[in-house]
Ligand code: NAD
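There is one chain below, alone, in structure tokens, taken in the form predicted alone.
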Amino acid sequence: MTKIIITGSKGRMGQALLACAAAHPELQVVAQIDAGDDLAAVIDRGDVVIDFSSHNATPGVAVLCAAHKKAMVIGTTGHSEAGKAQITGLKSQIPIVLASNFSTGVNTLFWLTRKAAEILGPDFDLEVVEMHHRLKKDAPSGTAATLAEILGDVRKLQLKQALRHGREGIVGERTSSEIGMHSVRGGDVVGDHTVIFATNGERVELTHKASSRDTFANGALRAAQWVTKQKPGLYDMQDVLGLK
């Protein structure tokens, strides 16, 4: 039995985690934490903390998990460089799964994006388009950022120089060293991501569309079971799924 504490339990993902966990008899949610609740008072009840609170709260949650030697699954996005560094600095103390997306399908998209970029080579222009519901606070999405990191890694590009977040005005011809990034917001879209590889005469598009948060919730629950059996370190969903 894996005992789970959920932080951000009243949010959209927190509610999906609670609903999905009920269908897994090998899991037990021992505490639900949201803004104003005291995680320190209940942290010793659990084996692992699944954090879908906010990027501002995650570093503090991670420090508390490290102090109590509790494994952690992190699903928040939009972290600053300082915040991410604070989290990853704890990898020598506890096992942490840090992923921008817990969907099996999206992690397949990550794998396919790397392979396509390697096969198609530098003659193809790269663009990433993502769409989410109107209430999403950060842009681009963490998943889109991961896709850009994969493309930048294959092309050996520095993302700070390569990324073009939308285009407006007389921006000149597109260069071969840029990666376009486009964020669309509206309605109740759970999450759509498309990677476009375009060259003269042909275009390849890889697309994933999520219609339910249950895909992310079940992936995070799978990660929670997996991470409790690991040594201290920093992992992602590719590790959980055995795609590395």
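Since the structure is predicted, the reported quantities are computational estimates derived from the model, not experimental observations. Residues carry their position along the shown sequence, with the first being 1.
Keep in mind that the form predicted in complex with this ligand is missing from the display, and what follows is about it.
With respect to this ligand in the predicted complex, the three residues Ile33, Ala57 and Phe102 uniformly fall within 4.5 angstroms at the level of their nearest heavy atom.
None of Lys136, Arg164, Arg155, Arg114 but one reaches within 4.5 angstroms of this ligand in the predicted complex through a heavy atom, and that residue is Lys136.
Exactly one of the stretches 81 to 89, 94 to 102, 146 to 154, 121 to 129 approaches this ligand in the predicted complex with heavy atoms within 4.5 Å, and it is 94 to 102. Taking the partner from the other structure, this ligand in the predicted complex has no heavy atom within 4.5 Å of any heavy atom of Pro232. Although the partner is absent here, His24 lies well away from this ligand in the predicted complex, with no heavy atom inside 4.5 Å. Using a 4.5 angstroms threshold between heavy atoms, Val227 stays clear of this ligand in the predicted complex. Using a 4.5 angstroms threshold between heavy atoms, Phe197 stays clear of this ligand in the predicted complex. If you take 218 to 236 and check each residue for a heavy atom within 4.5 Å of this ligand in the predicted complex, you get nothing at all.
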